[in-house]
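What follows is one chain in structure tokens, specifically the form predicted on its own.
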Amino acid sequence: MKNLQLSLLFVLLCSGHFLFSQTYKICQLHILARYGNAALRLSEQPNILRSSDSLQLETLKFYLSKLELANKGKLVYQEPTSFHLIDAANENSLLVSFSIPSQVTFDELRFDLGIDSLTNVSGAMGGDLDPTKGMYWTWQNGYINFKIEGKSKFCKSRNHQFQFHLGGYQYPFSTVRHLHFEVASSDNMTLKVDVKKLLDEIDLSQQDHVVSPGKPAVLLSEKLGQIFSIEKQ
């Protein structure tokens, strides 16, 4: 019995030594907001949607959640409490940092664009999920996954404004998108979001707003995957 106790103590001590000797490294995901080949600049007018239309962008916000790393198809890291509100007007939000074990290598980045249904039904929360961030509708409709606003002379709305607030978590109007990208196992990655690719798909003279869950939000959300890419190092 005494020998068994000593053996268990030895195992626990070894385990504790392993845990305390574990080292970590910081990985950084840089968000690069673009309009085609140009840097995205809000509330300015250098961006051209079509040759005959000057386009002013005022707001770009979206959620990244459930950030994961994988290696050869196998999950090797999952960020706990993973909710990041990216706001092109807030430079601090354009850098997502997370700590992973030093020995971890990976070749794939995964995340959700938007907020999952379980979090939505849990009600509004704090941090990046705080309703004061302007990305929450109501307890019934939940969070806005992706928001872009601006002005175009093609819009027939008041002040030529367009608003696309894409969200919805209830079937059949779920809009969260699961995205994954091949990456190099690097401490620094750059995720590029090119909003021109989205706006080129929209005829602003016919559609200048989507501000609630429904089929239009689903159809536009299906196009969001194409606007994200990993910039090669």
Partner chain sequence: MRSKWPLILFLCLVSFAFLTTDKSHFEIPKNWPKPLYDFSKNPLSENKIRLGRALFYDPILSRDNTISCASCHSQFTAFAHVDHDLSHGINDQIGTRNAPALMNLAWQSSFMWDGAINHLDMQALAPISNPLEMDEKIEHVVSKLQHSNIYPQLFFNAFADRTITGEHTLKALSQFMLTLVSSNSKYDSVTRKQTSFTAQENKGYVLFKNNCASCHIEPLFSNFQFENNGLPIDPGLNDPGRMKISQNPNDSLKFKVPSLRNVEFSYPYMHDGRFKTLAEVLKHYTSGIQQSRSLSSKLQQQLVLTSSEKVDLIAFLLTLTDKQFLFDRRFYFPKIILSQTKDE
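Because the structure is a prediction, the values reported are computed rather than measured. Residue numbers count along the first chain shown, from 1.
There is another form of the same protein, the form predicted together with the partner chain; it is not shown, and what comes next is about it.
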Problem set entry | in the predicted bound form, L85 touching the partner chain (heavy atom, 4.5 Å) | no
Problem set entry | the partner chain contact at Y169 in the predicted bound form, heavy atom, 4.5 Å | yes
Exercise. Hey, in the predicted bound form, does D107 get a heavy atom within 4.5 angstroms of the partner chain?
Worked result: no
Exercise. Heavy atom to heavy atom, is M125 within 4.5 Å of the partner chain in the predicted bound form?
Worked result: yes
For this session: Could you tell me which stretch in 156-164, 85-93, 67-75, 125-133 has residues with non-hydrogen atoms within 4.5 Å of the partner chain in the predicted bound form?
Result: 125-133
Exercise. Looking at Q140, S102, T81, S97, which has any heavy atom no more than 4.5 Å from the partner chain in the predicted bound form?
Worked result: Q140
Exercise. Does any residue in 93-122 get within 4.5 Å of the partner chain in the predicted bound form, counting heavy atoms only, and if so which ones?
Worked result: N120, V121, S122
For this session: Report the direction of the Cα distance change between W139 and H209 in the predicted bound form, compared with the displayed form, as closer or farther; the change is 3 Å or more.
Result: closer
